[in-house]
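First comes one chain, alone, set out as structure tokens in the form predicted alone.
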């Protein structure tokens, strides 16, 4: 039995890796990070051309028709390259429509989402760090939404927003709908923009999704954040290992110091064995739905926590410069900070694992 990736999956990662290297050289990533919007329309359009916008959209609607594991492998490379753009919210919106949309909603939105012509996002969080469906308080009555949503990815840019509502429902909100207001939020990760959504009777359309669809969207997002964290952590380890070969103390590269070797080895052994967690969680989401919630929570808790630990180690190994704005390690450190908290912190995920296990 083969437990590795298929040739097609390896080619998918190679294609995205080459795209990022070509279209996002270090100076351009630095410029986008400094600018702070987290979005380059040209970069988004080119990434859509290579299929990134519609990987899991069914082929009948113009997408690639791939599974969540393939999408997670793509997100591993997105994390590795710190690629700015609305990929997370867009992918989750497309999954929600494909999983639970009416035929009219699928026909109207999926081809545009797959081509990148339309940008999708999800509005799931509420005040006081509320993420779980059972705790949502935004009301949807008579076709209108009332309430507030926090930490909405690319809220200002989205043509389509899937809004979580009381009882674990989802509603389709179109851009500039009357009664909706978006305010920018200054997030720590400048490669991914956030906004606050205020809804005062905003007209929307219910997503006629089967029960549990919103939970599945959350679980898919947790798997993708785990994959992104894995890719970012390995990028930090490789970047830091290279830096230790060039930085000298007492006339010797610090890579030769035993303590530095130990720190890098510990970082690698912290992150590499966790690769299987997001692989399995993505597989379970598609093939083993009864195991999916626990697998997604486990992957999110462990990988985002380990990635945060790795990022601290790598900053320390860069010395004083590692704490400065001029040092590029901040791109992945701040991405790790975002991944750790978005869709629920590790402590919340571990509590969820315990609840699911009846502990």
Partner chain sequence: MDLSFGPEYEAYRAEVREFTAEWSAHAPLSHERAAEFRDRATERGYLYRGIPKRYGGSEREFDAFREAIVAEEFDASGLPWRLGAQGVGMIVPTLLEIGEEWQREKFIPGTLRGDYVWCQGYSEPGAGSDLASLRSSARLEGDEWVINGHKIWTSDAQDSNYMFGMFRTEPDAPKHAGISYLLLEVDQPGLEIRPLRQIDGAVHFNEVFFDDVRTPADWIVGKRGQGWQVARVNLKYERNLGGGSMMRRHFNGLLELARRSEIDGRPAIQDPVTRRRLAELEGYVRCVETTYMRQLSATANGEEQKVSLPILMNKLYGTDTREKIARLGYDLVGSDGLRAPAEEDLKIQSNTETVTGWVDQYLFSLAGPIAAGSSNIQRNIIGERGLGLPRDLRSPS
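Only a predicted model underlies this, so the values are computations on that prediction, with no experimental measurement involved. Numbering follows the first chain given and starts at 1.
The same protein also exists as the form predicted in complex with its partner chain; that form is not shown, yet it is the one meant from here on.
Undergrad: Could you confirm whether residue 172 comes within 4.5 Å of its partner chain in the predicted bound form, counting heavy atoms only?
TA: Residue 172: no, not in contact with its partner chain in the predicted bound form.
Undergrad: Should residue 146 be counted as a contact of its partner chain in the predicted bound form, where contact means heavy atoms within 4.5 Å?
TA: Looking in the predicted bound form, residue contacts with its partner chain do not include residue 146, since no heavy atom lies within 4.5 Å.
Undergrad: In the predicted bound form, is there a heavy atom of its partner chain that lies within 4.5 Å of any heavy atom of residue 198, even though the partner is absent here?
TA: Although its partner chain is absent here, residue 198 would stay clear of it in the predicted bound form, with no heavy atoms inside 4.5 Å.
Undergrad: Though only this chain appears here, would residue 18 touch its partner chain in the predicted bound form if you measure heavy atom gaps against 4.5 Å?
TA: No, residue 18 stays farther than 4.5 Å from its partner chain in the predicted bound form.
Undergrad: Could you tell me which one of 131, 151, 140, 279 places a heavy atom within 4.5 Å of its partner chain in the predicted bound form?
TA: The option sitting close enough to the partner is 279.
Undergrad: Answer with one of 182, 207, 110, 237: the residue that has a non-hydrogen atom within 4.5 Å of its partner chain in the predicted bound form.
TA: None of the other options qualify; the answer is 237.
Undergrad: Exactly one stretch in 115 to 123, 83 to 91, 184 to 192, 250 to 258 has heavy atoms within 4.5 Å of its partner chain in the predicted bound form; which is it?
TA: Contact-bearing stretch, as computed: 250 to 258.
Undergrad: Though the partner is not shown here, which residues of 261 to 277 have a heavy atom within 4.5 Å of its partner chain in the predicted bound form?
TA: Residues within 4.5 Å: 261, 262, 264, 265, 266, 268, 269, 270, 272, 273, 274, 275, 276, 277.
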